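Shown here is one chain on its own, the form predicted on its own, set out as structure tokens.
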Amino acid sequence: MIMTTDMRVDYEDVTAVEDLNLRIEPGEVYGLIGPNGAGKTSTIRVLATLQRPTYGEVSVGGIDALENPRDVHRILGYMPDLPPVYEDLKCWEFLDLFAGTYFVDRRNRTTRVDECLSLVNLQGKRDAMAGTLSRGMTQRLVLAKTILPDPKVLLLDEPASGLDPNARIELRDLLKMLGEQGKTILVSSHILTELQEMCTSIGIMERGRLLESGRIDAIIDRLSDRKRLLIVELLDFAAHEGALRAELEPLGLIEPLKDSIAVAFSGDDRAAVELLRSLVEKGLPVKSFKEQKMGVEDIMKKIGAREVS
């Protein structure tokens, strides 16, 4: 649904994006992660047809975005970082104005405006002036504007900026829902925790280059050396630590934690069940036995990316 081939973006003597090859499949919620200055916004602006790359190929929804930008606009919703609003309009008026420019059917326009206000949890601010909203509410209002025409592709540049924790949870749930409806979403952020729970796939950018890209579970499988990290916690840990170590050391590298030990385990689920049964049968008071999944932050460490919050 989104594809770039050898895309490069230069600003005089600065290369913002270098030979980007990006593939995003339909229905994916794709998180573009990287520090400020990594090239995320330049990438999104090119995809949104707001600027041309120095060279390379770009397509959105199977449409050549460089040759047919107007056709791309018909399927695209774009939300920039720190987007402006018309402060002297009420929230519903702001959305109604853009519903007209997006050719939303006049007969359904009021219903669609109210639907979008409800989706971003702003129905209580329907008649409030847009200029009186907090930054977080302004972000939500612009997101409502972005989804008004029911686009197939959404490009969201730092959409969680300024949102409080509850609003971020609501944003995560909304993006998941839109993805389940078949929409393709590219969302950028320099904060890992904003993207980990809402994205199906990620791309990690640094200094204009794409270091890693793909589905999160596939990247984890590729980078984890087929090892699982099991955490075994005991009651009265100090009294039983030695015995637990003796059982775990033959299995792989272990790391002591508070009241528990982590072991790099190469077995499958059945082998993990057998290990737990063995520990219990040998009298070890197992309080918890769990697998610690690799997360986005672990991926960043594994590939050596830096400067990301």
Partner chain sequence: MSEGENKFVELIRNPIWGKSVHSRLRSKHIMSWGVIAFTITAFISVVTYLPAVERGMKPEDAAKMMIIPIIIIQGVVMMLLGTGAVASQLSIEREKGLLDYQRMTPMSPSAKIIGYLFGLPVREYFLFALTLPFLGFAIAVGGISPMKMAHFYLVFFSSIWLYHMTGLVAGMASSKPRQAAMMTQGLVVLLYLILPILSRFGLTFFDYLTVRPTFFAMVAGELESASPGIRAAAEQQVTGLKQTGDIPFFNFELHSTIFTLMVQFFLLTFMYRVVQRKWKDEFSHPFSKLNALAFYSGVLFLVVGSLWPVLGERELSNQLMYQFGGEQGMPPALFFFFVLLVLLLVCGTGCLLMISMITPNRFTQMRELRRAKKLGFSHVPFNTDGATSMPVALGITALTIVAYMILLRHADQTGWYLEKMSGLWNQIAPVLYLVCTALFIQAVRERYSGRAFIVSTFLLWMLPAFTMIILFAAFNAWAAGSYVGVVCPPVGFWLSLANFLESSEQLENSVPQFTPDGVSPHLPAITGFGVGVYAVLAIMFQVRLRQWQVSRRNAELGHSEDETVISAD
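Positions refer to the first chain, counted from 1. Given the structure is predicted, the values throughout are model-derived calculations rather than measurements.
What comes next is about the form predicted in complex with its partner chain, which does not appear here.
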Among 279 to 287, 44 to 52, 27 to 35, 254 to 262, mark the stretch whose residues have heavy atoms within 4.5 Å of its partner chain in the predicted complex.
-> 44 to 52
Checked Lys125, His73, Arg172, Arg215 for heavy atoms within 4.5 Å of its partner chain in the predicted complex; positive is His73
Partner-free chain; cross-checking its partner chain in the predicted complex, the single residue of Glu233, Glu93, Glu197, Asp114 with a heavy atom within 4.5 Å is Glu93
is_contact(Glu18, its partner chain) in the predicted complex, heavy atom dist at most 4.5 Å | no
Could you confirm whether Pro83 comes within 4.5 Å of its partner chain in the predicted complex, counting heavy atoms only?
-> yes
With the partner left out of view, is Thr101 within 4.5 angstroms of its partner chain in the predicted complex by any non-hydrogen atom?
-> yes
Partner contact for Leu89 in the predicted complex: its partner chain, 4.5 angstroms, heavy atom | yes
In the predicted complex, do Arg8, Tyr78 and Met129 all reach within 4.5 Å of its partner chain through at least one heavy atom apiece?
-> yes
